[in-house]
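The chain below stands alone and is given in structure tokens; this is the form predicted alone.
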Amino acid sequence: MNNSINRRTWFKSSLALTGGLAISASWVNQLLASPVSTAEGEFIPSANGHIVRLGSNENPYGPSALARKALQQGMGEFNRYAFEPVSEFKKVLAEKEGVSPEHILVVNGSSETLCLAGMAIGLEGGAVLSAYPTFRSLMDYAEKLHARWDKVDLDEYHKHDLNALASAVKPDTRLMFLCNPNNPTGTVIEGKKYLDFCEEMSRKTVVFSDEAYLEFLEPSEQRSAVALVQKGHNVIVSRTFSKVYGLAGLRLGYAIGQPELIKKLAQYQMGPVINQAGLTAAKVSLTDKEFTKLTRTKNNEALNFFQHYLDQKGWFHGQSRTNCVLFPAPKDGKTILAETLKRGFQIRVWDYQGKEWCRVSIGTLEEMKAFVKAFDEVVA
């Protein structure tokens, strides 16, 4: 990413956007809500009472008891900006990841890293390449700022088609986005195969490895592209505290990359943006191995139950390893959204290959048992 635009130019661009001079206010809503189907774009939700949220891939068990305790004890510092705590936390993260603090960027949720990278591509010029469907925030930001988004369909098992992705790299491809494990399918490119591919592609372009769901895999199975950053490769890794750690509402994440790449992302960051509460909870959550194990165990139990339900129905799905599953919509998407919400459940509907697909997040086992009963009524 060449530094062809300075902060002042970016600030003027921001003013133009927020002032609605070039793009209407609906642009902001589109990025925040991220409708991924015609059905979602046309659906107007209306429901009363408690809603079981199976649409945002949230952790129903968090924050952990240790994080809650730390938040209570840290209340006395929440009136202060987090200048020093951010610097200290970068050191903690750098030690954890085996890099220097200069390799770390602390962000307001991993979505900010995606936003910053997308803006850099769009504002500085270039194209972004990704599998599809995948978590699209980075590409949405890039497209809205006039970059090109090149998409490569997943393979027949709903995994990244690595050969097709490699063939799709063009001279103006500025970044390849890989989400592993992938959202919305929950599928994984296993181990060394993934790292070898990232290393090969990093010789052609910047590789962005979104690892928001990595901790849902067993520790022995977790293969992070941080290993490539340590070796000096052209790779950015994105991590979050929103998923396994259960801190989605506190918005904290971080990026790991070569110092020059981190600097180029940081120049678009409008600060101070990091909150004390998020830092306080995240720092102790990193050490809470019991809670992450609990989340994995409970999630796998509910995930296995739901995938077994899909198998019994004969509905195709990729082999998810995380907290979401994608499967073909058995009825039109708008009806599914309306009728599931009427019964107290919120899910997502995606468009892919001319079809509608349901993405259901994994809640507690009790929530998933209640959902399948409701879903049977919806699709009957």
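Everything numeric here is computed off the predicted structure, so don't read it as measured data. Start at 1 and count along the sequence shown; that's the residue number.
Keep in mind that the form predicted together with a small molecule is missing from the display, and what follows is about it.
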TODO: Could you tell me which stretch in 94-102, 261-269, 199-207, 235-243 has residues with non-hydrogen atoms within 4.5 Å of the small molecule in the predicted bound form?
DONE: 235-243
Open item on the list: Even though the partner isn't displayed, in the predicted bound form is residue 226 close enough to the small molecule, meaning a heavy atom within 4.5 Å?
Closed with: no
TODO: Answer for residue 251 alone: is it within 4.5 Å of the small molecule in the predicted bound form, judged on heavy atom distances?
DONE: yes
Open item on the list: With the partner left out here, check for me: in the predicted bound form, does some heavy atom of residue 183 sit within 4.5 Å of the small molecule?
Closed with: yes
Open item on the list: Under a 4.5 Å heavy atom criterion, is residue 306 part of the interface with the small molecule in the predicted bound form?
Closed with: no
TODO: Give a yes or no on whether every one of 132, 318 and 357 sits within 4.5 angstroms of the small molecule in the predicted bound form by heavy atom.
DONE: no
TODO: Check each of 116, 139, 179, 281 and return the one that places a heavy atom within 4.5 angstroms of the small molecule in the predicted bound form.
DONE: 179
- [ ] Go through 285, 187, 111, 299 and name the one with a heavy atom inside 4.5 Å of the small molecule in the predicted bound form.
- [x] 111
